[in-house]
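Next up: a single chain in structure tokens, the form predicted on its own.
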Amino acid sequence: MVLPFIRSDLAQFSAYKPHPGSDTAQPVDSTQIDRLDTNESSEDLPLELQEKLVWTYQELIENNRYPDGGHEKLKNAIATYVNESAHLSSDTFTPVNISVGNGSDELIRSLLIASCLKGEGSIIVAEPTFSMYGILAKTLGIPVVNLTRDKSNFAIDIQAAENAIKNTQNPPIRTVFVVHPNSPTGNALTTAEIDWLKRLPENILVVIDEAYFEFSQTTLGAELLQHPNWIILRTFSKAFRLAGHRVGYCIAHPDAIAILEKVRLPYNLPSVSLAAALIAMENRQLMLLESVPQILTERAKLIQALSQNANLKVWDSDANFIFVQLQSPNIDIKTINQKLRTSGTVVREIHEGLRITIGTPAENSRTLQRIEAIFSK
């Protein structure tokens, strides 16, 4: 049924599906499902932090009151972390450089509203990449220019990007989205790509998504100081193990942050999510140092083990996942995905490959065994 009061172009869009294909095959043992499809942490918060969050909810949060709408305490903590993690002086970034959102998705949407709405701009994305840039833009009626990537290393086609910026008019390119490192392919921005971003004029907004920074330990935070048209996105959903709380943040010039504050929804984060993010910041050594090194070690093990399979092309990764494609014509990627799901490992089928989140050692071991079993047959 087409509803007569709905925009006509929305009928052409597909809604984002967090777990695509989940109904195509059911695991044999539904109690043993390894969920390695959404790049979350496979481990929950340490028990002592769960207990601290419960205590905070019981003793400090007033359910009948609106949450802190200014996020000042959390912004202070984030600014300290950003400076620390980028090896900058303690006063380089302050709360005026930080905006907090209901996940990075809300921040992406706010950036699109602030830069491209009312027919004032188009966006550029290089596929494959995080799909929400294009999805959110299209729901707002903003044109999307899709670029390709080099198949040998998934680098952005810079010449194609420059041609698109030169030739796209009515509306012109206003915002460029890049991911550092990219999802689903796991590659960080190259020196050539970063140099290109530096050359872009200041009337183009450059959004650098560093959702996987804690695993790559590579940031453009210091570079941002010289580029007021750059904005860096980060999230608490990956290394900080807070995917269930939906907290993201961005780092930018104070003038850009002031604009974002104008377009964001009031009280956009629940009190319990604010509390969880603040606890994560205050206990980041416990939360990060215990989990990130293990993930990096497990990532290396998975890459090495899967690379022994002549049927697979395994890409290097700077994130908490790996990307695998087929080199054999004897089986297709959809069949492998379904067989993995049936045996109990859920991964993401995307761009003619599989994106596999790095899980616990036990999950990774089972995944390797299941992949080996598929090809042995």
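Sequential numbering from 1, following the sequence displayed. From a predicted model like this one, the values you see are computed outputs, not experimental measurements.
Quick note: we don't show the form predicted in complex with a small molecule, though the next part is all about it.
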{"query": "Listed residue (His71, Arg264, Arg246, Arg299) with a non-hydrogen atom within 4.5 angstroms of the small molecule in the predicted bound form", "finding": "Arg246"}
{"query": "Contact residue in the predicted bound form, from Ser110, Asn97, Asn187, Ser237 (heavy atom within 4.5 Å of the small molecule)", "finding": "Ser237"}
{"query": "Heavy atom of Val179 within 4.5 Å of the small molecule in the predicted bound form", "finding": "yes"}
{"query": "Partner proximity in the predicted bound form: Glu282 to the small molecule, non-hydrogen atom cutoff 4.5 Å", "finding": "no"}
{"query": "Partner proximity in the predicted bound form: Ser273 to the small molecule, non-hydrogen atom cutoff 4.5 Å", "finding": "no"}
{"query": "Trp196: touches the small molecule in the predicted bound form, heavy atom cutoff 4.5 angstroms", "finding": "no"}
{"query": "Contact stretch among 205 to 213, 89 to 97, 153 to 161, 274 to 282 - heavy atom within 4.5 Å of the small molecule in the predicted bound form", "finding": "205 to 213"}
